[in-house]
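Before any questions on binding or motion, here is one chain by itself as structure tokens, the form predicted on its own.
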């Protein structure tokens, strides 16, 4: 590896070639190539809208903005505050359905 005083080490070309994709990266590539990732995203959007999750998140955002003042809130502030609440409030039934669809895909793709 070559080192520099002002920047991090630059990996050699041989090191780049040795790095194999992780299982997660392989699965993500297969999902994208097959179009399944987009179908899963659309299913997730539908289910979250059906169960009222989307409206709940919108209400949380509006309440936060109202509390802090419209001019005192950035998108980053909203993301920082709302993301943990949003992830925690996704219904288990939606998670289970998506997980089952992913498992079915992985079995059919023989990964």
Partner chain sequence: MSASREDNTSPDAQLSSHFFGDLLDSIVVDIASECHRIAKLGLDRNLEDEEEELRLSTQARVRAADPSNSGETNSKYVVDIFGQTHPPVANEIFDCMNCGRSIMAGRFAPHLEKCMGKGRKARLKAARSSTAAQNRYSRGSPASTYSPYSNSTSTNRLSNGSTGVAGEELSNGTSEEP
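Source: prediction; values computed, not measured. Residue numbers count along the first chain shown, from 1.
What comes next is about the form predicted together with its partner chain, which does not appear here.
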Test of understanding: in the model of the complex, would residue 83 fall inside 4.5 Å of its partner chain by heavy atoms?
yes
Close approach of residue 34 to its partner chain in the model of the complex, 4.5 Å, heavy atom:
no
I'd like to check something about residue 87: if you look in the model of the complex, is any of its heavy atoms closer than or equal to 4.5 Å to a heavy atom of its partner chain?
yes
With the cut-off set at 4.5 Å between non-hydrogen atoms, does residue 51 touch its partner chain in the model of the complex?
no
Near its partner chain in the model of the complex, with a heavy atom at 4.5 Å or closer, the residues from 74-97 are 74, 75, 78, 79, 82, 83, 87, 90, 95
